[in-house]
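This document opens with one chain alone, in structure tokens, the form predicted alone.
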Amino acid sequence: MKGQALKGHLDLLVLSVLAQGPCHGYGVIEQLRARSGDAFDLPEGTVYPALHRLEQAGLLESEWSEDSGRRRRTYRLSESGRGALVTERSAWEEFSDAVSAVLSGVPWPRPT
């Protein structure tokens, strides 16, 4: 999938992966690929800046560890990150429903 299609949605995807538990950067890339059926095969140069940006915004926390002689940074959601995930997921669902309605020709919002 083209990177442009992900613009504005990468943060939500990263937060969603980390909601499952702490993970190092490459693990986030692997999870995005696996959970999307290989549709999101993103380069490190796309994901790592997002991780750093989310950490600077206080949505992620990280710590360094050593595994088999390699230093790895493990990321996890902060409390603010959990709240942001709920907010962003709700906004995504609203946006997705609206796009689906336009594509299917059904007026939006759908009557409940």
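Note that residue numbering follows the sequence shown and begins at 1. Keep in mind it's a predicted model, so treat the numbers as computed, not measured.
Omitted here: the form predicted together with the DNA. The next part is about that form.
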Can you tell me whether Arg89 touches the DNA? I mean in the predicted bound form, with a 4.5 angstroms heavy atom cut-off. no
I'd like to know whether Glu79 contacts the DNA in the predicted bound form, with contact meaning heavy atoms within 4.5 angstroms. no
Touches the DNA in the predicted bound form: Gln56 (any heavy atom, 4.5 Å): no
Given that the partner is absent here, does Leu10 sit within 4.5 Å of the DNA in the predicted bound form, heavy atoms only? yes
Contacts with the DNA in the predicted bound form - residues in 43-58 whose heavy atoms fall within 4.5 Å: Pro43, Glu44, Gly45, Thr46, Tyr48, Pro49, His52, Arg53
